[in-house]
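One chain is shown next in structure tokens, namely the form predicted on its own.
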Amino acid sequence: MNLRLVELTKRFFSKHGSILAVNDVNLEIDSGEFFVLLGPSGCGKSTMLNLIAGLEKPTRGEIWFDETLVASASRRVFLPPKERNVAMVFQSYALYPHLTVFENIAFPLRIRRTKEQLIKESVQRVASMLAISELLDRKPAGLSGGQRQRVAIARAIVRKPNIFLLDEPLSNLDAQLRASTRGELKNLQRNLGVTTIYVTHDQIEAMGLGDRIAVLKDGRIVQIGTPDELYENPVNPFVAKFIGSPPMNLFKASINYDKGSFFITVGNKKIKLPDNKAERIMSLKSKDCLIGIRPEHIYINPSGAEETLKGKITSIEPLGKDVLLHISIGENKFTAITPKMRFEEYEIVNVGFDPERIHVFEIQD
């Protein structure tokens, strides 16, 4: 099912004033797509999910499922959740503690007055799909966090929803289980072919799961793209810092033009920017800007070539086959990922940037 949000806005009112949770969002999600809403706490991503589910009414704007208008403030249209055929999995799983796993999964079908034989077949089918068939007689108290999460997903998909909504469903799992479950969840979504919207603040989760990702800030969509597009071409410093672990290095610099080329100065060295950055540089409002470069695009050059800079290692974080170095160059501090070598804290090293991987941004207020 295709989903379309048109100028969607949600404002909450209280005695302390109003809060604009979702601000004029326009978004189209393709049928069968795994789409991720990514952003920090309080950016409006869960509110947007609740609006799609029908748990909240929009203050302004419209929500379309294919050619069906399910919510419109101006036209006074609002289909309740039961008429939207959406399934939602919450962070807390929200299982019924007094019911067995079988009855928890079967609950949505019983509400629909489905025949008993069809309930049994449907529950057995999804339980097998999620490898929880042996748990059907247990109650939630006897399950691990990962097992409860699978039961919640089984309960959601047993009803064959048009849209699958997931609100940070993996956040209660430990790191190792979370990583393995991501792959299982993506494979499950591919097999089901259901349009899926996934909310998270974890960019690693977003990059691993999403066909496309929308990065949100203060109720607005800042950028939409594939994981590679967001990583390689962030539109502003917020996206640049939010996508990538460790985050992109950002520092203030002035751009100078000399003999047909643009340069920035880092420490006491001038770094020539590639010609393909000229269009972006010319669009800047000021020669003062933010320069960004990812840790893996900073290299340590022990030969001391002329184009390198002198930097001091302030701390070292082993990462297995690689090492993360925290480096100070003048007033600027950088992180660099480099193959594991013998480094010492406070050692002076030669540092080089990959000019092709340098990003140029406006300085934001």
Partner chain sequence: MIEEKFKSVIIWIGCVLLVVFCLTPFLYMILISLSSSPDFLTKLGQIEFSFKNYYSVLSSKSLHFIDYLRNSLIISAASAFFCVIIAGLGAYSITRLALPGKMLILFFVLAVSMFPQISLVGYLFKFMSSIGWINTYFALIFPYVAWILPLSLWILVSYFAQIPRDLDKAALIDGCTGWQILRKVIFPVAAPGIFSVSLLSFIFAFNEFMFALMLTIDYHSRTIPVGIALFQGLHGEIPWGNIMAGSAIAVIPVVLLTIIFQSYIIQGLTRGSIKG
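Positions refer to the first chain, counted from 1. Nothing here was measured: the structure is a model prediction, and the numbers come from that model.
Note that the form predicted together with its partner chain isn't included here; everything after this is about it.
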| item | value |
| --- | --- |
| Stretch in contact in the predicted bound form with its partner chain, which is absent here, among 151-159, 184-192, 207-215, 273-281 (heavy atoms within 4.5 Å) | 151-159 |
| In the predicted bound form, the one of Ser254, Ser92, Ser74, Gln124 near its partner chain [non-hydrogen atom within 4.5 angstroms] | Ser92 |
| Heavy atom within 4.5 Å of its partner chain in the predicted bound form - the one residue of Thr59, Thr335, Asn50, Thr308 that qualifies | Asn50 |
| 4.5 angstroms heavy atom contact with its partner chain in the predicted bound form for Val235 | no |
| Close approach of Thr265 to its partner chain in the predicted bound form, 4.5 Å, heavy atom | no |
| Pro140 within 4.5 Å of its partner chain in the predicted bound form, heavy atoms | yes |
| Contact of Pro247 with its partner chain in the predicted bound form (heavy atom, 4.5 Å) | no |
| Full three-residue contact with its partner chain in the predicted bound form, heavy atom 4.5 Å, for Ala87, His98 and Phe107 | yes |
| In the predicted bound form, residues of 110-126 near its partner chain [heavy atom within 4.5 Å] | Ile111, Arg112 |
